[in-house]
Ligand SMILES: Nc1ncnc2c1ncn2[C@@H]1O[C@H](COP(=O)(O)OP(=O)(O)OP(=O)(O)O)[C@@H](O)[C@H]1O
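Coming up is one lone chain in structure tokens, specifically the form predicted on its own.
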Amino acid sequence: MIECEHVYKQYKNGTNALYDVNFSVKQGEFVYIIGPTGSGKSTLIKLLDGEELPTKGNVEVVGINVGELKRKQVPIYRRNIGVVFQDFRLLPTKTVYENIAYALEVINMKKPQIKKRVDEVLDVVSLKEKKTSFPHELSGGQQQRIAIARAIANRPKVLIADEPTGNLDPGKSDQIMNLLERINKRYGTTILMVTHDLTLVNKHRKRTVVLEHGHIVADLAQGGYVRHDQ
């Protein structure tokens, strides 16, 4: 599903972000990626979604060598990947329904299919009653659930959640984790979750990849406890 082999990333300004990164993720796995600021987490995510290319090594996702993609191929490749951000990134002038539908319109899905799929994902995130609301009328937790609904609308094989609970209180964070776990089990979606919240990591235990200064320093099996000094 995801293979990183001897991956290095150096930016044009000379910054080295990743060094000899090797790891693989099987279909249907739920994996945390943790580490301090500057450890290389964001760079790794950018390599996986095609925003950046590796300087050296191979990044393969759903059988596609990301480093060999031409720019015009990246949007099509990204149909395999859903991304959820810390700051939600909902379109403020569109309703909940329109925000999710937009993600399907850009891949030319027909209107009857769009309506059916939007209703389905709103049911998954338990917010069908909010379909005509605008983002500013929702709580932070509700906005994040809508962002997740939009990210899974086209049934991506991989869901990348980049600090999805970073702006939420512990109670709302637990709700988002429970939702991601449901999606993982219901659809078999492979989930990579970047987070700083070690309390959450230790409560909802899963495989955890630890980055530090661009190196993978630990790859802990499911159930492993992560110390707060990591």
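In case it trips you up, residue 1 is the first one in the sequence shown, and so on. Every value quoted in this text rests on a predicted model; they were computed, and no experiment measured them.
What comes next is about the form predicted in complex with the named molecule, which is not displayed.
- The candidate spot formed by T37, S42 and E163 is fully in contact with the named molecule in the model of the complex: every one of the three has a heavy atom within 4.5 Å.
- Proximity of H196 to the named molecule in the model of the complex: non-hydrogen atoms within 4.5 Å are present.
- With a 4.5 Å cutoff on heavy atoms, I216 does not count as touching the named molecule in the model of the complex; it lies far away.
- Although the partner is absent here, A17 sits close enough that one of its heavy atoms falls within 4.5 Å of the named molecule in the model of the complex.
- Figure note: of the listed segments 176-184, 42-50, 199-207, 66-74, the one touching the named molecule in the model of the complex, with heavy atoms no more than 4.5 Å away, is 42-50.
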